[in-house]
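Just the one chain here, laid out as structure tokens, in the form predicted alone.
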Amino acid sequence: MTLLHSSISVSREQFDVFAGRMGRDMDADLVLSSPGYPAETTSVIGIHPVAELSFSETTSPDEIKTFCFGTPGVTMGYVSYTYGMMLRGVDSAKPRDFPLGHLKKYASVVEFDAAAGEATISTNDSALLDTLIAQFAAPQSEAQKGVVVGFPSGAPTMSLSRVPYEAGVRETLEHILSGYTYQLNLSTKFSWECPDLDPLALFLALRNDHPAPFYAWFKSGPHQVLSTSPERFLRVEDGHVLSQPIKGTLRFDEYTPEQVAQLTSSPKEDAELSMIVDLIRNDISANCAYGSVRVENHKSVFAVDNLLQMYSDVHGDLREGRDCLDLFLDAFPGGSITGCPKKSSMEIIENLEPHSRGMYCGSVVVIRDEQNMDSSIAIRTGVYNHDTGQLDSYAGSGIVVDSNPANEYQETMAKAEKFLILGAS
């Protein structure tokens, strides 16, 4: 059947209303980007899955490639941090409460070009095309406005509260001094019991109040992923590679230009970013052309979630015979949420953290073909289990030799704030 295309002029606000309606009424998966961020990307909606790949312990990179590249069309989904542990040979005895990965292809894909103010619908179903065009003109209902329903008041339970988290930082510092790691990302898990939660309303409210470049809404069995990430992992555009690792954080109540200098001049924050940039350079070099890997805009800063975040642009070009999944799987999981050296840091993380990360610190991916994809680091991410009524979210901080345990805990809580303030309101 011939692939049909239709382009419609719409504002970002109109597209967001349409996206919310698709998530509510058509069980769609969403990757939504806000403008003005260094990692801004194309917003993509996948409607009516026609093929799915759910990862198991035996799912190989070749199987993933066959699913993504064997038939034309956009692939959307996630790869969990736990699958990354398997790729890196890091064992875990913790029970898994989340799938290893889940990819889908769709009957229709809708993409939004914010700069052009244009939404493009691609489908091989003419009736579905007519339905989707009509949905752009439909009025917004109250249920689509993102009014949070069913979020419990009060504090969540934490897998690592303040005292054990700070103890974990001190233990990490001992590992650093012993030479087993020189940077490590330590996280905690926040859990709420909320059987009456409307997770889509929560997702839409977060997007409205706390915009970021990599919002993702993805259904996987009983689990609903709500990712609000500001960080790009790897983008490939016609073979050109870009990674934008974030390391270095400063919370602010009211922005002033002096805060940027405070962040960029900090030896501790500089060390965090520089170590990870070096790791990313090495991670992508195996699949990039010799001499093409370079760093630009080192120690750049942007604001998101009342946080100043420092990042760099790491570029390269895929070498002949390599595709975007070779690159992704060889570099996964992202170094900014493991630490370095990567494998030994992941082994220490597995011993220090009582929770399984699952989706957290994995990646949401949009794969178009062998030479084109975009992907996030799944931080600032929640997972809602419709069967149990439990919402989990996670946050962490990067620890280096001059880290202060109390400061690292406060940074972790600042990163979790947009979820935490819902229970405090």
Partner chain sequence: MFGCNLSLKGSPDSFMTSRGEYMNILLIDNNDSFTHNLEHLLATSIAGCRIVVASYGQLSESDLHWPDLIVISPGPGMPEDYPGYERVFEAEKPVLGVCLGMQIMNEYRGGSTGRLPGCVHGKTDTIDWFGEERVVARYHSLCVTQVGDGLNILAENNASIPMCLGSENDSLLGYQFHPESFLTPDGGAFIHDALAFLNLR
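All figures in this text were calculated on a predicted structure; none of them were measured in a lab. Positions refer to the first chain, counted from 1.
What comes next is about the form predicted together with the partner chain, which is not displayed.
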Exercise. So which stretch, 164-172, 196-204, 231-239, 340-348, is the one near the partner chain in the predicted complex (non-hydrogen atoms, 4.5 Å)?
Worked result: 340-348
Exercise. The partner chain isn't shown here, but in the predicted complex which of Ala114, Val295, Val260, Leu128 has a heavy atom within 4.5 Å of it?
Worked result: Val295
Exercise. Looking at Glu118, Asp97, Asp278, Asp326, which is the one with a non-hydrogen atom within 4.5 Å of the partner chain in the predicted complex?
Worked result: Asp278
Exercise. Might Ala406 be said to contact the partner chain in the predicted complex, defining contact as any heavy atom within 4.5 Å?
Worked result: no
Exercise. So in the predicted complex, does any heavy atom of Ala271 sit within 4.5 Å of the partner chain?
Worked result: yes
Problem set entry | the partner chain contact at Thr181 in the predicted complex, heavy atom, 4.5 Å | yes
Exercise. Taking heavy atoms only, is Ser300 within 4.5 angstroms of the partner chain in the predicted complex?
Worked result: no
For this session: Scan 381-403 and write down, in order along the chain, each residue with a heavy atom lying within 4.5 Å of the partner chain in the predicted complex.
Result: Val401, Asp402
